[in-house]
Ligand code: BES
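In structure tokens, the next block holds one chain alone, the form predicted on its own.
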């Protein structure tokens, strides 16, 4: 629980109170807004323990005679001396959350540095976002003794007398985005024997309950009628039935429609083109695109934006079996385009193609954004620091890039063009599902482009950022990052 307060800090008697300080441009102790706390900062500086560097933490234990602080602990958190931006406060929130968890603090209070030349609303929003993401834990299947349990139960952000409707709204936005990131991580952390296509469907129904979102599940029988050969083909080796989860948020007004599509491969063995066994346990994360879209739709259902949003999550497993899709097979995607399957481990594009073609025809969207852990090639190109972005529309690409920068989920745009499309031409079908090793991320996007027509479209390849993402105070060192959910939410908030 996170809330705003304007009570005097000396009245807080919880586990830890936090003050933020900036690193001075010249020699000298960092400056704090509270004169009594400043005395402690000065002493810590004199012995070389407090400079105000970014993400530096100095922990003090005030005595009861210290009138200024009644909390059990006093944390001085450094903000550095570089230019301030949203990411600085998001990281600061994550840093504080991590420290609180390590100390088993249940109640903490952050003194927002409102004296700094930075919009208080954005400061509050990003601190809240960082606090939620930084305090994230997934221990559902782990037994813990009582003395090992760590949970922050109450967080207050003190902004003095600046509490207003705008700051309360900012807090709500930060909490909403932070929760979405946490939900996406939860889905990805679930084992593949729990988070199945049916689990995706059940969560979609949960989102629709009591909100303006409508949920429809396209089952296997209907997929056969619709001739969704991509989803059905990938599913051939699995005992789990495939699902196409359709979520519709409608305003009831004549407004643009955004189509969000997320790859929902709940486990990817590679199929007949079997992956190496080392690291295959991470292939439960191959549904992170679908998780991001689902988590974003849950936030959209609560925020009720002024734009229509439709989400499609094609979901299945990709497993080897006597019935599985084989290299050399030819399938027919939704809409009639034929595909020669060269490699059954290039399966994500097959299920996305059905969803994209169906979404374009059924909903006539203004714009499309799809997210997928699609290619290992994007990791070779961009590492684990930026998601790959490919698009057929410059204006839409710019909007998504801006949303990513705003939320601390940066991307890098890669090219598309006829020369790459030539790599996926087939001798025996309309196209083939891989174009060889060169430009693997681009040819995968070129494949998807075949199914969006002239609709403005952005493809985000999050294979490098969905897990083992750049280490940040609000990002797990290992495991899923929840990437994409907050970017989608911000894009919808900003859409005009």
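This one's a predicted model, so the numbers in the text were calculated from it and none came from an experiment. Numbering follows the first chain given and starts at 1.
What comes next is about the form predicted together with this ligand, which is not displayed.
Student: Among the candidate stretches 280 to 288, 239 to 247, 180 to 188, 410 to 418, which one is within 4.5 Å of this ligand in the model of the complex when only heavy atoms are counted?
Tutor: Stretch with heavy atoms near the partner: 280 to 288.
Student: Of these, 119, 327, 383, 376, which has a heavy atom no more than 4.5 Å from this ligand in the model of the complex?
Tutor: None of the other options qualify; the answer is 376.
Student: Using a 4.5 Å heavy atom cut-off, which residue among 214, 343, 102, 164 comes into contact with this ligand in the model of the complex?
Tutor: Among 214, 343, 102, 164, a heavy atom within 4.5 Å of this ligand in the model of the complex occurs only for 343.
Student: Taking heavy atoms only, is residue 434 within 4.5 angstroms of this ligand in the model of the complex?
Tutor: Residue-level check for residue 434: yes, a contact with this ligand.
Student: Mark residue 349 yes when one of its heavy atoms lies within 4.5 Å of a heavy atom of this ligand in the model of the complex, and no otherwise.
Tutor: Answer yes; at least one heavy atom of residue 349 falls within 4.5 Å of this ligand in the model of the complex.
Student: Would residue 467 count as a contact of this ligand in the model of the complex, using a 4.5 angstroms cut-off between non-hydrogen atoms?
Tutor: Looking in the model of the complex, residue contacts with this ligand include residue 467, since a heavy atom lies within 4.5 Å.
Student: With a 4.5 Å heavy atom cut-off, would you call residue 263 a contact of this ligand in the model of the complex?
Tutor: Within the cut-off, so yes.
Student: Every residue in 268, 275 and 463 with a non-hydrogen atom within 4.5 Å of this ligand in the model of the complex?
Tutor: All three within 4.5 Å in the model of the complex.
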